[in-house]
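In the form predicted on its own, a lone chain appears below as structure tokens.
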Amino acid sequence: MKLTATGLAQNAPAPLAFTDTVLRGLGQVMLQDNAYAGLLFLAGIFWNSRLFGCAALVGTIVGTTTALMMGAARDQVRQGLFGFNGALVGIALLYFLDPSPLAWGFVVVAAACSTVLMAALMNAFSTWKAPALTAPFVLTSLLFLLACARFGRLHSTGVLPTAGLPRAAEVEGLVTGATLLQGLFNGLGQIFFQGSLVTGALFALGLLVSSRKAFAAALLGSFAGALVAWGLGAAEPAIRAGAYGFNPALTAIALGSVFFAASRASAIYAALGTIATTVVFAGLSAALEPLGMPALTAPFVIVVWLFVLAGPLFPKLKTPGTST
């Protein structure tokens, strides 16, 4: 058995190879094809909640297994591309629903469906060379949560947003240095629905192990989201909890370290996308309030889709590996 910089070699025994694939799936939540990053992400989740750690594992395993059973391309499966949406679906459904045996069955079905949706989007978007990102997680989770309004045996944990017409916002609380520091790491933690500074730090370490550029981009993105939210008058508790940090962190990773080569232009582009994501998060949160549904990572998905699709018309933006 041989170790590589990102995980196990392809010729590893089947059980270890599957474990490596599952861990890569967890890493892909933050766009990292790296089993060690995935392991640290999983450790961070378990540190905060054994329930959510188990949910992440079940969702990733179900999503990956579904792809294998349907004969998906082995290289795509091994990269974790069919696992990460299932991981997020598993955590999301058990974050918003009481963890009854029926809810766990709901998770299994939803995670399998997220793999089908991932394949559909990958196929549809191949023409434009656009990534599916966490869109399967967002769509699957929202539809399955909305369905609970008609299924009386699935009960909410009470943390879904209260349905109602959006109200005028008021500046709430005093934002301090401690607010921004906690919001920085909570912003990373909230990518997996985790509100823990230790968890956020473990996620940051996972990114550092995988990519220094991704690590720096994530921290800058989360911090920028908190700053923009503060400047525009968002509530202090939401900033401290990382609510305005997790989508910008993902956008910063995507635009600043994955889809465009490092340059002055790409740095400005990523910064603009990060700021836009904060605003889009607030807008989508208000738009979904009448439904009592969360925005999840939809702001990240929408902004990155638009910025990636616009990229070819901006000559100063180069894809990784393209000569300047």
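Note that residue numbering begins at 1 and tracks the sequence as displayed. Predicted model, so just to flag it, every value in this text is computed and none were measured.
Keep in mind that the form predicted in complex with another copy of the chain is not shown, yet the notes after this line are about it.
Engineer: Answer for Leu313 alone: is it within 4.5 Å of another copy of the chain in the predicted complex, judged on heavy atom distances?
Structural biologist: Residue-level check for Leu313: yes, a contact with another copy of the chain.
Engineer: Report whether the minimum heavy atom distance between Gln76 and another copy of the chain in the predicted complex is within 4.5 Å.
Structural biologist: Taking the distances in the predicted complex, the answer for Gln76 is yes, it comes within 4.5 Å of another copy of the chain.
Engineer: Do Ala262 and another copy of the chain come within 4.5 Å of each other in the predicted complex, heavy atoms counted?
Structural biologist: Flag for Ala262 set to no.
Engineer: May I ask you to state whether Thr157 is within 4.5 Å of another copy of the chain in the predicted complex, using heavy atom distances?
Structural biologist: Contact with another copy of the chain, no.
Engineer: State yes only if every one of Gly164, Leu306 and Leu309 has a non-hydrogen atom within 4.5 Å of another copy of the chain in the predicted complex; otherwise state no.
Structural biologist: Checking in the predicted complex: Gly164, Leu306 and Leu309 are all within 4.5 Å of another copy of the chain.
Engineer: Another copy of the chain isn't shown here, but in the predicted complex, which of 210-218, 196-204, 100-108, 180-188 has heavy atoms within 4.5 Å of it?
Structural biologist: Selected range: 100-108.
Engineer: Which of Ala224, Ala132, Ala241, Leu117 has a heavy atom within 4.5 Å of another copy of the chain in the predicted complex?
Structural biologist: Contact residue from the list: Leu117.
Engineer: Note that another copy of the chain is not shown here; using its position in the predicted complex, name the residues of 28-61 with a heavy atom within 4.5 Å of it, in sequence order.
Structural biologist: If the 4.5 Å heavy-atom criterion is applied to another copy of the chain in the predicted complex, 28-61 yields nothing.
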